[in-house]
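Coming up is one lone chain in structure tokens, specifically the form predicted alone.
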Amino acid sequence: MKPEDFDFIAKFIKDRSGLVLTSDKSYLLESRLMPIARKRGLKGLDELIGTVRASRDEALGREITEAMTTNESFFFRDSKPFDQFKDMVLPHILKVRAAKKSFRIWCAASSSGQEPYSLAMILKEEQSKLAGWKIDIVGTDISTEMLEKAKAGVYSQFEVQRGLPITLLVKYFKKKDEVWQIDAAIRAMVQYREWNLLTDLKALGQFDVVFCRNVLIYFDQPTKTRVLGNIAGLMPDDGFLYLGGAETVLGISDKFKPIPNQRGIYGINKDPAPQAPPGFAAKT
């Protein structure tokens, strides 16, 4: 691939999705975009990029963006964040939102739905504590293909074997031929919406808990700062932000601060000195 072609397609993808591609990632272009070129009867990446240059084909632009930003997901990924949610965050929210009896969770870049459905199953298991509560779980993604898969809630044997406890598989899934479908009641607990993190987020509303895990690693620092600032604008002062284990806000945004002794969870930065929100027990 010519350097100018790589620069063009890398900028095209970054402008649409925030994904930063460096020259050492050219293999990703080959593996993810060649199927699009073949489907459209084009000879290779050079011809595909030439077509993008010469046209304003929004459908092609969407195909390319979705192919480059589709990332794998699995149920209860890394497990620790979900344990923290069940054992610490949820009890805290039930206490501080007792008068309101409602809270909202946002899973940004929710891919094929395993993360929001993992949270829905946790809430279903805790339903005896949630009588009379209104809980919204919203999953967003840039990929319409992934959103359709998430809404259907249909997963392969391989997908349900990755992180999903057998007890929850038996309880909340039904086998249909060679695939598994999650229970309609669990599906109904999650709303899915197409959304680009680079655009205005205000229309999504306010969220008490935001999961934005393993997303920022694909952005450059100015984009990370902007996205974190926009997310902070959707959260109350006592909200919780989850990032991936390899991600941090330190040196990137002053809108959030780490929750002491809780890796991967951040609170809104109201005070210079980080401290856990009242009633939130810090554990190692």
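Bear in mind the structure is a predicted one, so any value in this text is a computation, not a measurement. One rule holds for the numbers: they count along the sequence shown, beginning at 1.
FYI, the form predicted in complex with a small molecule isn't displayed, but the following is about it.
- Residues of just one listed stretch (87 to 95, 202 to 210, 73 to 81, 183 to 191) have heavy atoms within 4.5 Å of the small molecule in the predicted bound form: 73 to 81.
- This chain is drawn without the small molecule; in the predicted bound form, the residue among L168, V160, I142, L119 with a heavy atom within 4.5 Å of it is I142.
- Taking W195, Y155, F173, F103 one by one, only a single residue has any non-hydrogen atom within 4.5 Å of the small molecule in the predicted bound form, and it is W195.
- Contact check for I49: every heavy atom lies farther than 4.5 Å from the small molecule in the predicted bound form.
- At the 4.5 Å threshold, heavy atoms of L19 reach the small molecule in the predicted bound form.
- The small molecule in the predicted bound form comes within 4.5 Å of a heavy atom belonging to A109.
- Among residues of the shown chain, T69 is one whose heavy atoms approach the small molecule to within 4.5 Å in the predicted bound form.
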